[in-house]
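A lone chain, given as structure tokens: the form predicted alone.
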Amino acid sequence: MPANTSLAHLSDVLLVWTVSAYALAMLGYAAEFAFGRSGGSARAGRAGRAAVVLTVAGWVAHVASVTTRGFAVHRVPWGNMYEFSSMVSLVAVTVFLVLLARQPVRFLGAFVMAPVVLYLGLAGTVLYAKAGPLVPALNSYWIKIHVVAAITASGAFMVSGVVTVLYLLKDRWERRSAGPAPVSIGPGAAAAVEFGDTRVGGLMHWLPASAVLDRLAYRVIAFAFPVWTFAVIAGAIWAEQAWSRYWGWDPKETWSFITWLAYAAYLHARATAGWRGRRAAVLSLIGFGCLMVDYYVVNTVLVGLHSYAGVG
């Protein structure tokens, strides 16, 4: 069945609105920090709340973009790298909003929105693919199971990667400043935080203590890892149906497994060896690096059975 060009165009327009809303939200979160640093706590609070509203508005437009893309192509809207990238970004924003509803993590806003905007910008330009049918190898009900799990885990891993980088920056600053961690921090708090009798300002004071960031990264990875595990298993079952073997060390399969091993090592090290802090953070970033290789390098450079997932 041919694609509905009108709905496909509407999906593209909605994606532009989505990126615009996310970009403005990113600026709003940055303004919250800037106003807080200059002592304008009221303005900082307004900027932060406006950024959250823009994030939610962008999320709604994003959901609409994905939905109309699906109706336009008469299938699930994650059949190529463009659609997959859009879905991963949607999951990342969703994870952030869920965390925000449960914890005071508005400080993550600018840092989550920045890679999401870049990801969507890359998806809408370099990775863009016109609306069309699935290739035969993808035309299976397993695309609704395996790929959804991979998308969900990838979006969560993106958020954990952002938190891990922030942890390393905050931990390094705490070590160099040789001072105690902030007593308290909040999403609308000023950027200047009292350390003993000295008031200092800057981005590092806007962030919570490094231990808080370490725990947050761990919780997100602990959620994403079982989902990724299921994605790998479901992919093997799908491979048996498509190619009559569960595993063939195709580049995609290999790097998916390497990614699984990296995050498994992270969780194992924390659970058995008591790894916390920088050593665990290094494993987390190795896992995220493997995920990026699995997605970008494997799909665009290496040749294998999953080459159909590339641009086009």
Partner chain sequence: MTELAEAAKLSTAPVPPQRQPGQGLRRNLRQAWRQLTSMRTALLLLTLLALAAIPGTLLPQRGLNPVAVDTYLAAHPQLGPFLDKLSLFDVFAAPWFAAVYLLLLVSVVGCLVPRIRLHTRALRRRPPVAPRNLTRLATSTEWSADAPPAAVVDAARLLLRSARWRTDIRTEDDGAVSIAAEKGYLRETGNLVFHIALVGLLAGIALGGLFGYKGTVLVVQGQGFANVRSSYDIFQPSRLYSDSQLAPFSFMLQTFSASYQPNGEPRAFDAVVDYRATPDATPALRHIRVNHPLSAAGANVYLVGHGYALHIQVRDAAGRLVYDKDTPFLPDDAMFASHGVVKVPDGLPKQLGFTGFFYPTFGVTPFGPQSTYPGLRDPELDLAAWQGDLGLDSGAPQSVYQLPVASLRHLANRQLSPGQTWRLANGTTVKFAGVDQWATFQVAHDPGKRLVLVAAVLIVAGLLVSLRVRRRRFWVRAVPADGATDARRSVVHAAGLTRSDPDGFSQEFDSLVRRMKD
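Positions refer to the first chain, counted from 1. Keep in mind the model is a prediction, meaning the values are calculated, not measured.
FYI, the form predicted in complex with the partner chain isn't displayed, but the following is about it.
Stretch 214-222 is the contacting one of 83-91, 120-128, 214-222, 151-159, since its residues have non-hydrogen atoms within 4.5 Å of the partner chain in the predicted complex. Between the partner chain and the residues Ala44, Leu283, Ala61, Leu54, the one pair within 4.5 Å by heavy atoms in the predicted complex involves Leu283. For the options Leu168, Leu203, Leu97, Ala242, the residue carrying a heavy atom within 4.5 angstroms of the partner chain in the predicted complex is Ala242. Although the partner is absent from this view, Ile145 stays clear of the partner chain in the predicted complex, with no non-hydrogen atom inside 4.5 angstroms. Though the partner is left out of this view, Val135 does reach within 4.5 Å of the partner chain in the predicted complex, counting heavy atoms only. Using a 4.5 angstroms limit between non-hydrogen atoms, Pro251 touches the partner chain in the predicted complex. Contact annotation for Phe71: none of its heavy atoms lies within 4.5 Å of the partner chain in the predicted complex. Taken together, Thr229, Trp238 and Phe257 are fully in contact with the partner chain in the predicted complex: each brings a heavy atom within 4.5 Å.
Figure legend: C-alpha atoms of Leu216 and Gly274, shown here, are separated by at least 3 angstroms more in the predicted complex. Between the C-alpha atoms of Thr272 and Asp171, a gap narrowed by no less than 3 Å is obtained in the predicted complex, as opposed to the form on display.
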